[in-house]
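Next up is one chain by itself, shown in structure tokens, the form predicted on its own.
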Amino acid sequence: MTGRTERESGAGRGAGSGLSTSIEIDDVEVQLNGRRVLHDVSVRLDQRRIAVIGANGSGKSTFARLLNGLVAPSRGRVVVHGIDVARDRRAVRDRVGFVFTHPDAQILMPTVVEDVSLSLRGLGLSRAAIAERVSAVLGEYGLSGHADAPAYSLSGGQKQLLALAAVLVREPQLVVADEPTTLLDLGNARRISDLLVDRLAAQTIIVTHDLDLARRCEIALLFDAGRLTAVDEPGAVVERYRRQQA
């Protein structure tokens, strides 16, 4: 099953690496705790904005976790931007930023500035360079005024922005967001959606139950009972999903 359409958009523009920005999944199966969670999944994607939808337990979050090595395939091959994920998880995690549904699972440090700075450790940057990049990303996402605030004191929307900032400060070429708006109120959900769809230079995969958000992407994938059942223009995939749930 191919994810190519006439609306290909030059996924990952702005990364500036000149490397492949395709995602290739070849005959993948995933078994977890003796249960088959994904099977017979094959797709190639190089669009810039990709939605992943499906019912709870359909396999969509497991699919997302394949892309940076959080889950390993039991069979088949996963290649992200030219990197075989099973062979080089470290390299793929340098290139892929993952945003979880619950920002509290990602926020590790006491203050906002410390949490974002943590993401840059191990990159060989000077303290001045780290401070500059952290200041820039906090300003970009409206968190400058909270730089020294305890992370626990932030609102739900601000915590999600902090989780995004901590991922984006590393300048990944692919961002995978697993249901990033599920726990947010309408205003913050719209803010995060606009950021993911309209503002990121990186290629972005959004796992979501928000069908309006899915429609804003360039292509959508539908999972059902561990299988990838549709890859098409988002409107068509959303309508197919609605029919399944009727």
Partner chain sequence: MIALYVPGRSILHRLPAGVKLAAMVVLVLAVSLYPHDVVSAGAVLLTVVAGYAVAGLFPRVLVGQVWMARWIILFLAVSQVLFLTPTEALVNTVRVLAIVLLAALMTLTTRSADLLDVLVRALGPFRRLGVDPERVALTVSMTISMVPVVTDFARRVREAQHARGARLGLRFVVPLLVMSLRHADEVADALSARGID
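None of the values given here were measured: they were computed from a predicted structure. Residue numbers count along the first chain shown, from 1.
Missing here is the form predicted together with the partner chain; even so, the following discussion is about that form.
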Checklist entry - Should R133 be classed as touching the partner chain in the predicted bound form when contacts are defined as heavy atoms within 4.5 Å? => result no
Next on the checklist: How about I107 - does it come within 4.5 Å of the partner chain in the predicted bound form, if we only consider non-hydrogen atoms?
Outcome noted: yes
Checklist entry - Can any non-hydrogen atom of S119 be found within 4.5 angstroms of the partner chain in the predicted bound form? => result yes
Checklist entry - Heavy atoms within 4.5 Å of the partner chain in the predicted bound form: does H39 have any? => result no
Next on the checklist: Each of L70, R93 and H102 within 4.5 Å of the partner chain in the predicted bound form, by any heavy atom, yes or no?
Outcome noted: yes
